[in-house]
Structure formats: C-alpha cells, structure tokens
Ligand SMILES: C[S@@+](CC[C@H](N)C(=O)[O-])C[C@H]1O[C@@H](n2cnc3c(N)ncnc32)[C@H](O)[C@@H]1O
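We begin with a single chain expressed as structure tokens, specifically the form predicted alone.
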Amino acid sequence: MDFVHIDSFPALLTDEGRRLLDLLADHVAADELSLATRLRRDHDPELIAAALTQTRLRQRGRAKFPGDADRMFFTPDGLEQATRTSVAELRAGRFAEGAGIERVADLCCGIGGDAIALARAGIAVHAVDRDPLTCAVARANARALGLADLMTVECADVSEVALDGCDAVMIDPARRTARGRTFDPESYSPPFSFLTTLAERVARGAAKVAPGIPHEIVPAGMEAEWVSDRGDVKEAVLWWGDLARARVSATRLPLGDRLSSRAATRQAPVGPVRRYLYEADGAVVRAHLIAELAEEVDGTLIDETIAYFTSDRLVGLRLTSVYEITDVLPFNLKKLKAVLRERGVGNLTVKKRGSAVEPEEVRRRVKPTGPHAATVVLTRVAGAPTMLITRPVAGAG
C-alpha cells in the first residue's frame, strides 16, 4: 500500500534518505519483503517503508514525468491528479507567449506539475496549496529539479491568498469529494463560481476543468480548450483575458495539432455513408468541432448523434484517423463472423461509437482467424445499429 506521511517525508530529503532512494530505484515489487529485511540492519523501518513507497510512486510517475520522475517526490493522490509533462508544457507555452507575463500564481498547485513547466519556461511561479504535505512535496520537487529560484510555495487557502505582483493565474481546483470524483462544477474545491471572482482579480489566467464540462456554463469571453495526448482526452482548460484565442479549441499532442473556432459550435449535415470514414480525435469531439473538420472534405455525419463523418474525398486531415469503408452491414454478429471468416481476417480491431456492444464481446463471438486484417466499426447510421468493415488508410490523419 502506498502511503506518504508529513512526519516521515522529511527523512527522505536527508542524505541517508536520498542514498536509500538511489539504492531502491529499480527494485521490483516481488523482492520488497526480503529487501526490507536486509535494509533494516542499517536503516530505520519507518524510513525504509517511506522509501519503498516513494520508489513505487516514482516508477509509476515515469509515464507522466519522463526524465524527471526518478528525481521527484510524490504522494499517491498527487501523482494521480498531477498534470503530465507534455500537457503542462503546452499550457506553459501559452503563458510564456503572453506579453509581460513574468510571474504566475499557481493555485491548487498539487505536487507542482504545472509550476515546474512554467518555471522551465522562464516564468516565476508562486505555487499555493492548502495541504502541508503536498506543499512540502512541491518544494522538494522544485529543489530536486533545480527550479527553487523560480518557484515559491505557500501553504494557504487559495481563496484567501494575496495575488499582488502576479501577472496571471493558473488554478486546478480539486474535482474529488469524500465520495470520489465529482462531475458537478460547483462541487469543485474551490467551486466553479470562484472563477468569476478570480478573473475579476487577475485579468489573465487559466483554469483546469473536467473534460465533460457543459459548453453552456463556460463564461462569455473565455476559451474552452480540450487537450488529448496520443488519442486520450486528458483535460479541458478555460482561458481568459488576452490568453483566450477562440471560443472553443481542440489540441492533440504530441504534435500540437490544433483546431479552433471563435463562433458558437454548429452541427454538421447528415448524409449517406460514402467511401472514407473520418474519426475525429476525442478533443475535437469534446469541443464540438466536428462540423469544422467535416467541412474541409465536404463530409457529412452518418447519424446526427454520432461523431463519425464520411466523404468520397481522401484527405489527410489533422486531428483525424481515416478508414476506407468496404462494407456497410446491419448489426448482426453471425453475419460479421461469416464475412470475416470468408476473408480470412484474424487481426481484427473493433471500434465503437453509439453502440452498447463491447469490442471484447465481438472478438469473443466472431473468433477471428486468418492472415488478413480489418477494422470493424460498431455504430449507428441514420438511427440504425450498423457495422462498417473498414481498413485504415496509411499515412492519413
């Protein structure tokens, strides 16, 4: 069990603690019991437990903080909720481009993921969190990464902290309650309504929100940006002041492809299934920007409620994957099994939008075998459950 305590954490920052962390850097969980037994000859059991916990967290943190995790410090919640480096760097880049932004207040800073990226962009950061252990970890990370001269950390309630001297503000309100993750913005801590007050106090800023935030509650004048990383939507952020560049936008990492609109989102037209199926990145779907993409290829939706569009034009669109459609079939797994067997399809990818059937269930029931590959899309066409048999178009999207 991973557990980090305010009383035991300082011991990890001592010379002995750091040597122990270096020793444990690449240990495997299966060896922990015998390893801990050997280490007790020379080290306090509480320090060993803290070091083992920190090592497990560092190993998990490598996915979010490549190149840095083995020098950083974490708490279990802090690691889970921290902004991954790629996303934090994207956001820090926009702050760095803002005219005259030299100092940013990072409210609800957590273990410092955003603050680290801002500091590396050359911006001074005043990081604030109300949890003493989290603040201690953020300070330790600033020192470990050589950023202590650019990062100050204050333990305080963000609703009461002074923001004098800050040119912009970043806030990442907690989106968990005692009952778990919350999807009600007013249940954030601080609540969503606090943003209005914050925007009045600091003219430029950004606020992280859940990707499922309703478009209609985004305040006028703010930009809502959805960000995906390698196909997974990671977060949404609201920008205000001259940091806002559009009304809605979608950004896909690692390449930084971006699509935006200054107007209210609109609905793409619906039409018959044509030769090429375009699958928009999840950030585009969340941003309701399908119509803007479809327009670039004269595309039409296959169903008014589904974010797939088709076209007879083949274009390598940004923020999409493209498939050539070979068959359009009513949903029937027996029929699908027969078609795939006839064509010798053993390498089967199953995708879905608007279907209650799980891809694993399809694979179990059709039992694909053979040397060929295909992608089956379970969806709806004009309201009817449909199977599209497709093949990816190499180099498109």
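For every residue, the number given is its place in the sequence shown, counted from 1. These figures come from a predicted structure and were not determined experimentally.
Keep in mind that the form predicted together with the ligand is not shown, yet the notes after this line are about it.
Asker: At 4.5 Å between heavy atoms, is D281 in contact with the ligand in the predicted complex?
Answerer: Taking the distances in the predicted complex, the answer for D281 is no, it never comes within 4.5 Å of the ligand.
Asker: Flag A121 as yes or no: does it have a non-hydrogen atom within 4.5 angstroms of any non-hydrogen atom of the ligand in the predicted complex?
Answerer: It does not: once the ligand is placed as it appears in the predicted complex, A121 has no heavy atom within 4.5 Å of it.
Asker: At 4.5 Å between heavy atoms, is V209 in contact with the ligand in the predicted complex?
Answerer: No, no contact at 4.5 Å.
Asker: With heavy atoms only and a cut-off of 4.5 Å, decide whether V285 touches the ligand in the predicted complex.
Answerer: V285: no, not in contact with the ligand in the predicted complex.
Asker: Report the stretch among 169 to 177, 251 to 259, 291 to 299, 195 to 203 that approaches the ligand in the predicted complex to within 4.5 Å, counting heavy atoms only.
Answerer: Every other range fails; the passing one is 169 to 177.
Asker: Check for me whether the ligand, as it appears in the predicted complex, comes within 4.5 angstroms of all of T83, A156 and S189 - heavy atoms only.
Answerer: Yes, because T83, A156 and S189 each have a heavy atom that approaches the ligand to within 4.5 Å in the predicted complex.
Asker: So which of V227, V104, I111, L277 gets a non-hydrogen atom within 4.5 Å of the ligand in the predicted complex?
Answerer: None of the others qualify; the residue that does is I111.
Asker: Looking at R318, K234, R130, R139, which has any heavy atom no more than 4.5 Å from the ligand in the predicted complex?
Answerer: Exactly one listed residue reaches within 4.5 Å, namely R130.
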